[in-house]
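One chain follows as structure tokens, the form predicted on its own.
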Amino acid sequence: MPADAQITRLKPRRTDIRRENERAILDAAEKVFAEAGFGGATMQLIADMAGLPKANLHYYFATKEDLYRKVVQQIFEIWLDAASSFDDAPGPVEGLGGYIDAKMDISRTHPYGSKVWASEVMHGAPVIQDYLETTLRDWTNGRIALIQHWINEGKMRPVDPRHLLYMLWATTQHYADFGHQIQTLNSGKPLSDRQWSEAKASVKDLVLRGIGAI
């Protein structure tokens, strides 16, 4: 095989390995930070959880803070993707309804990321305060303007958009942050697919009826 062809075949493989390692590190870090907090987590503990040598972590993330910020950024970007239901939505039924569906799905698939975010904010956001003051503020202001637009068009009751968003965050993320409590009250079992569907439908009905959108 020509040398150039061999190099071409190796490059994608190296890219795949890098991607797999980063995913393993981030998944492990998300769980460790959620359970131990930033102060209690160590790079060695995260490496052990990921099944990788500690040196690999420092190859991808120079410091624990770099890794922590990436975990926080990742969950926020996932939440931003969930908010795409707002884009070009004709009204609150489609926009808010789709947002609730997506946020609750994320609480089911990324519970540790939500817990990391909640813990960070409850401790005064010592690591990501700059993120709150820029990215989160800009995103929130944009959603407030859109909800106010729906109010002005008479598509929902005149409620305070900011507090509506706070309520949506608290409700949807409750299923991640207090997952153990929910499981305990569910006879010690995780919610089934049917129960998750029922939960999403109930939350959407309560919210959309409450704001007069349906």
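Owing to the predicted nature of the structure, the values given are computational and were not obtained by experimental measurement. Note that residue numbering begins at 1 and tracks the sequence as displayed.
The same protein has a further form, the form predicted in complex with another copy of the chain, not shown here; the description that follows concerns it.
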Could you work out which of Asn56, Thr42, Gln148, Thr184 is the residue within 4.5 angstroms of another copy of the chain in the predicted complex, going by heavy atoms? Thr184
Which of Glu153, Asp160, Asp48, Glu65 has a heavy atom within 4.5 Å of another copy of the chain in the predicted complex? Asp160
Could you tell me if Glu133 has a non-hydrogen atom within 4.5 Å of another copy of the chain in the predicted complex? yes
Although another copy of the chain is absent from this view, report whether Arg69 comes within 4.5 Å of it in the predicted complex, heavy atoms only. no
Can you check whether Ser202 is within 4.5 Å of another copy of the chain in the predicted complex, heavy atom basis? yes
Distance check, Ala28 to another copy of the chain in the predicted complex, heavy atom within 4.5 Å: no
Residues of stretch 90-128 in contact with another copy of the chain in the predicted complex (4.5 Å, non-hydrogen atom): Lys115, Trp117, Ala118, Ser119, Val121, Met122, His123, Gly124, Ala125
